[in-house]
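A single chain comes next, written as structure tokens; it is the form predicted alone.
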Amino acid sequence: MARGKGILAADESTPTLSKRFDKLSIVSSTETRMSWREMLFSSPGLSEWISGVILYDETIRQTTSAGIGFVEMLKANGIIAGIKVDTGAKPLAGFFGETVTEGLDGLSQRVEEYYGLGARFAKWRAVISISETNPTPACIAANAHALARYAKICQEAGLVPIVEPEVLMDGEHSIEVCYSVTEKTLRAVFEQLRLLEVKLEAMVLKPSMVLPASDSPAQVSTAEVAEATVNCYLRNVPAAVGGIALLSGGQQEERATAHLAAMNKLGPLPWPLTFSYGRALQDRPMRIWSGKQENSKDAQAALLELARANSKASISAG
């Protein structure tokens, strides 16, 4: 949570990254996925704006084309390596259309291994969807409990947990509905974190912004999103939390950056408020790269431009 720095989320699973490659006619293989991530992580000067990179299990075990492990390469460039440790959202039995994130079985052993591989923080994503009937209290409670158990296990192993309760943008709901669901979710998450005695100072919250759904007819201004989001966090996120690193949640990159800047202008806030973006940092570079080595410098330049813009947004003063 260093001032002016954010986190690059490059922890897409192999199927997810393959789908993105397919849209650009890039062949997905161990080699192309390695080349893509090596190109991103070796962008010159990236550590000026990025403090950490979240890796996937495949990546943390890979080496670069020069035979250097990705963790070692990142460390040499002044960037901390993290790791995604959940095994994905699965259907929540008895609750149609809802999911609970799995991966607690064997997690203690896995995080110990990841620590040995050089990871110093971890990530677990819970997914909360909104519809006329969802989310149910059961879905929120199940995911909040799993997030808290994961966080405690990570802290015992020496990893800083990123706690990610994402309220999805899918649907037609209003910003008011999103606010209500986000508030209920955050309250449940912190109730469970306290119950399991997770050290709030030694964790990072990665929440979604308070937004109208992507298909909502009632879209709102950047200022309204910023005010609603900050108000929701102030009411529900303890000041002791080590920091908040926002997810982009599928927003267009310019919109996500503008929202972050507007939120920080409402400060001072009790915690650092920065970014932990995946697609909002990677989509443009991926389109430029398109699997061709000769496009690497231009793709890196695009990543650096986006990282710089979000760095500036994270320290906007009111």
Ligand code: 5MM
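Small disclaimer: the values here were computed from a predicted structure and weren't measured. Position 1 is the first residue in the sequence shown; the rest follow in order.
Keep in mind the form predicted together with this ligand is missing from the figure; the text below concerns it.
**Student:** Can you check whether Arg279 is within 4.5 Å of this ligand in the predicted bound form, heavy atom basis?
**Tutor:** Arg279: contacts this ligand in the predicted bound form.
**Student:** At the 4.5 Å heavy atom threshold, is Asn295 in contact with this ligand in the predicted bound form?
**Tutor:** Residue-level check for Asn295: no, no contact with this ligand.
**Student:** Although this ligand is absent from this view, report whether Leu247 comes within 4.5 Å of it in the predicted bound form, heavy atoms only.
**Tutor:** Close contact exists here: in the predicted bound form, Leu247 approaches this ligand to within 4.5 Å, heavy atoms only.
**Student:** Can you work out whether His145 and this ligand are in contact in the predicted bound form, taking contact to mean some heavy atom pair no more than 4.5 Å apart?
**Tutor:** So His145 does not count as contacting this ligand.
**Student:** Where does this ligand sit in the predicted bound form: which of 235-243, 135-143, 160-168, 180-188, heavy atoms within 4.5 Å?
**Tutor:** In the other structure, the partner sits against 160-168.
**Student:** Are all three of Lys5, Ser43 and Arg284 close to this ligand in the predicted bound form, meaning a heavy atom of each within 4.5 Å?
**Tutor:** No, because Lys5, Ser43 and Arg284 lack any heavy atom that approaches this ligand to within 4.5 Å in the predicted bound form.
**Student:** Of 115-129, which residues get within 4.5 Å of this ligand in the predicted bound form if you count heavy atoms?
**Tutor:** Lys123, Arg125, in sequence order.
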